[in-house]
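Next up: the same protein chain in two forms, each one alone, written as structure tokens (structure 1, then structure 2).
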Structure 1
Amino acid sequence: MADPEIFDLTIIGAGPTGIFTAFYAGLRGMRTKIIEALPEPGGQLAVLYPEKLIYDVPGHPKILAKDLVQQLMQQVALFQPEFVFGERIETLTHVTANDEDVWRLGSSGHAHLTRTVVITAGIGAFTPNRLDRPGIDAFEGEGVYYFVKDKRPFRGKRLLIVGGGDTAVDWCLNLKDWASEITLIHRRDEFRAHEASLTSLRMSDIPMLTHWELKRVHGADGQVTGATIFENRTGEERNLDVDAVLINIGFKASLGTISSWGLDLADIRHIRTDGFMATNLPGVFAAGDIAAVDGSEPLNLIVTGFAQAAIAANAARRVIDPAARLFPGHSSELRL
């Protein structure tokens, strides 16, 4: 079988940092591929808080996370990088192809060849914490959800939300005028959500049942019709008539095999880089939440990832062409 095409740059992870890295790589004329484990772009913004407003992206007094992702995708479309979704990179090895030393990125069943790599894998590929209770698995995706990718299934519905962190509280607030009725249950009486969000929630008419847990989900013909909840101190049970259950009890994020790629790690979650976002592997860079510059404590914000994306892409350009300048010129001077 013929070797796959050798790209100039391959980006691992299509969160905000990865998408913006692809934009800068496009500005530098690099043939770029971006590989994402999830079925959609946006990383944490798409999965953890798509409907939340972000206030600290320069130039946007406020913007919904999902809208920022959509605008980043619109911005990068100018350069038409190749996107690969639903593929998790598991190996990174140095190989020779067409008489050239390149990197080979492997996933189950696929291989990608590239001259340079930027790892923008964030907090890793994450999976929701699951509840093992009767009825949950049977209705998952059809009335029982761990993510909200789309608000439409909740329109006019009676909704039970399970959890006490930011995600559960934010969805209560976000869906309160969308669902016909919301009940929140949390197994403790302390919430981990932001105080301002909790204040808004307390001022709403959403019942917040603390020390209550989900016991069972009921339904028929592929539709949820109710849930049994119980008071975890007294054992009291209640049956709620609900059409949907949203379980937001946290996520597990895992860097998976990344730690075995021979990268110098600052700690179990971060790849050590220099000021050019270069790792210890030649031609391999890291940026965004996964990067720790000089091993120092990272500032895990979107804006930090954007700046690091610009640095990494321009530094990668110099690996491909050592005569190239780091400075890309001003985009305002381009005729696009």
Structure 2
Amino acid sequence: MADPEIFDLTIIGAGPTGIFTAFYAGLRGMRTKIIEALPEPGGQLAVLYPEKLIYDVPGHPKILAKDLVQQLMQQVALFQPEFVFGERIETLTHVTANDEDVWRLGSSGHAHLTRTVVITAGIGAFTPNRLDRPGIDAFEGEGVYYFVKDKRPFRGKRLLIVGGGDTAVDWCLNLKDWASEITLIHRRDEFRAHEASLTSLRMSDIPMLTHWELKRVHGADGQVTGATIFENRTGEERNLDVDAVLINIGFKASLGTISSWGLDLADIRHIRTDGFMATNLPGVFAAGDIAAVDGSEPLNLIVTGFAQAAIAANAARRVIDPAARLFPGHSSELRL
């Protein structure tokens, strides 16, 4: 059987950082492949909050997450990279193919050969932190949600939102003019959400009940009708009439098989890189939320991922052709 085609660059992860890496690789004339474990591009933007408004992407006063993904895909289409969806890479090994030393990326039943690799796997494999409370499992997906991909079902509904991070606060703000009523509960009085978002939430008429937790979800005939909440210091209970419960209490993230590839890890969730986003493996780079430059704490912002994507793609080009310049020139000077 003939070896698969050898690509110049293969990107693991089709979140915004991965897509933009492919765009920059296209600017440098590299034949590029993107492999994504999910069935669609977008990463966290597609899975966790496609309807969420994003305010910190340069040039966009605000943009829906799903629209940002769509525009990134339109941008990268100029260079026609090959996309592979629904495939999780399990192994990374150095091999010889066609008298050339390359990397082999293996999954169940498939192999991909490439001269360089950029890992843009975000926070890795992630699953939501779940609450073990009566009624939650019975109504999950039918009134109780850990993920929200479409806000239309919440039109005119009474919502209980659980959590104190960015996702919980952002959904309050996103749905405040959409739902008929929203109540936010959080088990502490300290929030992890962005300061600007908290300021907007405090200026709204949404009740923010701190030190309150969810005790039980009520429903009948497959529909949520209410919830019982309790004050975790006094034990006081309240019954709320709600149509849906959104639980946003964080995620468990793991590098999964990436941790067995021989990479130098900064911690259990991050790959250590240098300033050129290079890992300890020759020709293998990391960018975005998964990368810890010089082992420092990552700044998990989309804009940071975009900058690291450009650095990694240009550095990969120089690995393929050591005579190539790191700086590609300004895009305004190129004929696209």
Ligand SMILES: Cc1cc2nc3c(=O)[nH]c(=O)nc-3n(C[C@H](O)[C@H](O)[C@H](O)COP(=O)(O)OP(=O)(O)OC[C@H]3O[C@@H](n4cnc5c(N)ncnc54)[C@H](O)[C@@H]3O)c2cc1C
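Residue positions are counted from 1 along structure 1's sequence. Here the structure is a predicted model, which is why all the values come from computation and not from measurement. By rigid core we mean the largest C-alpha set that fits within 1.5 Å across both forms.
Participant: Here are two forms of the same chain; which is the form predicted alone?
Facilitator: Note: form predicted alone is structure 2; the other is not.
Participant: Superposed on the rigid core, does the Cα of Arg233 end up 2 angstroms or more away between structure 1 and structure 2?
Facilitator: Yes, the C-alpha position differs by at least 2 Å between structure 1 and structure 2.
Participant: With both forms fitted on the core, give yes or no for whether the Cα of His186 moves by 2 angstroms or more between structure 1 and structure 2.
Facilitator: Yes.
Participant: Does the distance between the two CA positions of Leu160 reach 2 Å or more between structure 1 and structure 2, the core being superposed?
Facilitator: Shift at Leu160: 2 Å or more after core fit.
Participant: Once the two forms are fitted on their rigid core, how many angstrom does the CA of Val224 move between structure 1 and structure 2?
Facilitator: The shift comes out to 10.8 Å.
Participant: In Å, how far apart are the CA positions of Lys149 between structure 1 and structure 2 with the rigid core superposed?
Facilitator: Comparing the two forms, Lys149 shifts 3.9 Å at C-alpha.
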